[in-house]
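The data below hold one chain only, encoded as structure tokens and taken in the form predicted on its own.
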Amino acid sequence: MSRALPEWLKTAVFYEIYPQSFYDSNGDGIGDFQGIIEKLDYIRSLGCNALWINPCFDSPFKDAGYDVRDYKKVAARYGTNEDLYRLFDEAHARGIRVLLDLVPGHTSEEHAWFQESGKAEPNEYSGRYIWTDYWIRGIAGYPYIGGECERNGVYMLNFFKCQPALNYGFLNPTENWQDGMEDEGPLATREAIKDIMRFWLSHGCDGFRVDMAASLVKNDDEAKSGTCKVWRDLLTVLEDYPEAAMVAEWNDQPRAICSAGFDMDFYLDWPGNGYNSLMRDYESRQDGEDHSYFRKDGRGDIGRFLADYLPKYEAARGKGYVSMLTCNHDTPRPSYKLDTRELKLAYAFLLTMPGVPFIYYGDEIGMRYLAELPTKEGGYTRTGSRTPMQWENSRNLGFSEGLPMDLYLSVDAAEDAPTVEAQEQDPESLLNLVRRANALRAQEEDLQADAPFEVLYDEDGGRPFVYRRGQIVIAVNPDGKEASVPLAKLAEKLGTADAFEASRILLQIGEGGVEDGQLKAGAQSFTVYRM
């Protein structure tokens, strides 16, 4: 029996915080829990009422905290467990929910479980990771490491060399060293993850974003039936926490939501999919040309997005939410290729779509992707999206009172680096557009997570594109020239063209309106109509 979706998700807008880089309260150059607490009022002022905090557990930080050394202890550089509990309390006092980042697929090689698992003598942790039964017997199709431990075998990796894969079994074992899903080791792993979930939920956490959620069972089938079964078991923990929420890093809503039982699944901008065509089409094109839909001169076609999005939206509808995001700690910031006007259109679109949206810290002011930065904590090309938040035009752009040489990463050195302080003084800034869009979403039930969505007009590549959320109609035109749609074409789905005669505009970027039987959309415009 599937559990009910938490009611608060209908109005949720998430803000993702990379804790190292958000706000440093003690001058050591690294963000911390107290820094987040001090900026909670700012987050609430954005219209965000939920947080996702990237991994903050004890770690050697070879992969920015995604190599967990102790799941029940926070990293000292952020504070103490008690500081995190206080963060939960302070957030809740402001009506803000907090999700932590759960990494269930692997640990650090320094985790106590792995140290015990690698010993020659069998013990209760021997089956916690995936090992072969001989020191030169490899693992076909998977990365692995040998020669690091006393144990006579090699172990599977999930990502970097420092991240041994936890054992959830193989769907159909083919070797004598492979466990089935219901064997002792995989079952013990499941119970250990349940224990971690209960620990943080009992201390005030409101749920989890799950890293690499599809990676658990090995040699799984195309439907991920084994991994989905494991998640259905793990999520039984939430029977005691009915208001807790789970979002998967899966990018397959029919699997993650309908089969595994997650409340939300990220609609990620992986090369070749529909979301990628909206803001980052350059990532999937060998010619290097950018045909992103929101580029004024990109000539991107909204049809590429819709062909991918609509089946996923329909599959998940009523069962969970597709979560679109500005970007995250793994992807280039959208300002890398989009200018401020293009970002305004993209964000207004994202914040008026169904599902639960996520805003990555700093995207609301158009922070830049600093591609030239050297790698930090396994970031590589991702490092340029993890730079310190830019609060004001002062020392270290207001992130820290520490010395520049001590900062986790250097701040944007450009003279025109965007800051919260400057954009708060400009009514037409990107920051204030995000605030207006979030306020409208909170005010209008027809713009919230579960309100219906219908395409009204997507001809000519969707320039303009017109869609409907209940009794709200939205027209977006990313093109550099004005466009229009005959009201008669919209009347086929609206039932009457007269509806526009009594409409009022709730939000507008650029110019748009109804004139001479046409719905007009000015160059680079976005207009929200209440019918």
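Heads up: residue numbers just count along the shown sequence, starting at 1. What you see is a predicted model, and the numbers here were worked out from it, not measured in a lab.
In what follows, reference is made to the form predicted in complex with 1-deoxynojirimycin, a form of this protein that is not presented.
Listed stretches are 463 to 471, 478 to 486, 59 to 67, 43 to 51; the contact stretch with 1-deoxynojirimycin in the predicted bound form is 59 to 67, by a heavy atom cutoff of 4.5 Å. In the predicted bound form, 1-deoxynojirimycin lies farther than 4.5 Å from every heavy atom of E90. Within 4.5 Å of some heavy atom of 1-deoxynojirimycin in the predicted bound form lies at least one heavy atom of F159.
Not displayed here, 1-deoxynojirimycin is kept clear of E401 by more than 4.5 Å at the level of heavy atoms in the predicted bound form.
Of the heavy atoms in R386, some are within 4.5 Å of 1-deoxynojirimycin in the predicted bound form. Taking a 4.5 Å heavy atom cutoff to 1-deoxynojirimycin in the predicted bound form, the contact residue among M212, L201, L456, L187 is M212.
Listed residues D301, D179, E249, E424 were compared with 1-deoxynojirimycin in the predicted bound form; E249 is the one with a heavy atom within 4.5 Å.
Residue H106 is the only member of 76 to 109 with a non-hydrogen atom no more than 4.5 angstroms from 1-deoxynojirimycin in the predicted bound form.
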